[in-house]
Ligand SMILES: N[C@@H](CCC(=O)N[C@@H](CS)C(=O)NCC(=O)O)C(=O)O
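One chain follows as structure tokens, the form predicted alone.
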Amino acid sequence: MLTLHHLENSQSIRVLWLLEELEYDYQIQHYKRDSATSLAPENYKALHIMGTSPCITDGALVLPETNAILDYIMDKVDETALRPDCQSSLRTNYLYWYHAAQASFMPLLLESLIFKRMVNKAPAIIRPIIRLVVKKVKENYLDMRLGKMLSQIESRLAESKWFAGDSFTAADIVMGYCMEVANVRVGMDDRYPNAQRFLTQMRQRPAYKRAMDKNGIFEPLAQ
């Protein structure tokens, strides 16, 4: 049976949500982060050489990486509207947002966290210097890129209910975690009403609620 090795407050929530959307038969093994470092415990890291979340096992198979896992699971289902076929009008937008989540959006959100921790964890004597360096990098790179991404998201969601179109797809599952993280880490204020509307309707999906019940308290790392 497929086992989701579920690290708390991690990208693993996407896999859990997909499994609930598909009503797939699976089991779940929970892992707590280290309270001091926020890192995965050693028994989680031992699953795969990269030691990253998410990760599944299925018999002898050990598979990390969000989109690889989602495609692997959807391949096991004869047919699912969560992955539009090549003839669908949703296909192009689906492919774009399904991959943009990990290739473009998630790296920026990770950098945002790293920059915050560079300042917060720097020795007090050099913290003012680190803060100044980080401020310059954010002003000249990160804030600009994040602003463009959030503007693109807002424009896309002004055109349709979900990222691929008016039907829910796996692109919304992959982007959904990014949206939850962005909301607490970089802020999606009143400038982004459609992004906020997406979060509201996403959280109302029965499968998402079931995933949250199995997940427990979900608190994306903010800093």
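When you see a residue number, it is the position in the sequence shown, counting from 1. In this text the structure is predicted, and so the values were computed from the model without any measurement.
What follows is about the form predicted in complex with the ligand, which we do not show.
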**Prompt:** Is there a non-hydrogen atom of E65 within 4.5 angstroms of a non-hydrogen atom of the ligand in the predicted complex?
**Reply:** yes
**Message:** Is G165 near the ligand? Define near as a heavy atom within 4.5 Å, in the predicted complex.
**Reply:** no
**Interface membership of T57, the ligand in the predicted complex, 4.5 Å heavy atom rule** = no
**Item:** in the predicted complex, L47 touching the ligand (heavy atom, 4.5 Å)
**Value:** no
**Complete:** Within 4.5 Å of the ligand in the predicted complex, heavy atom basis, the matching stretch of 156-164, 47-55, 188-196, 23-31 is 47-55
**Asked** Of these, T80, Q102, Q152, S88, which has a heavy atom no more than 4.5 Å from the ligand in the predicted complex?
**Response** Q102
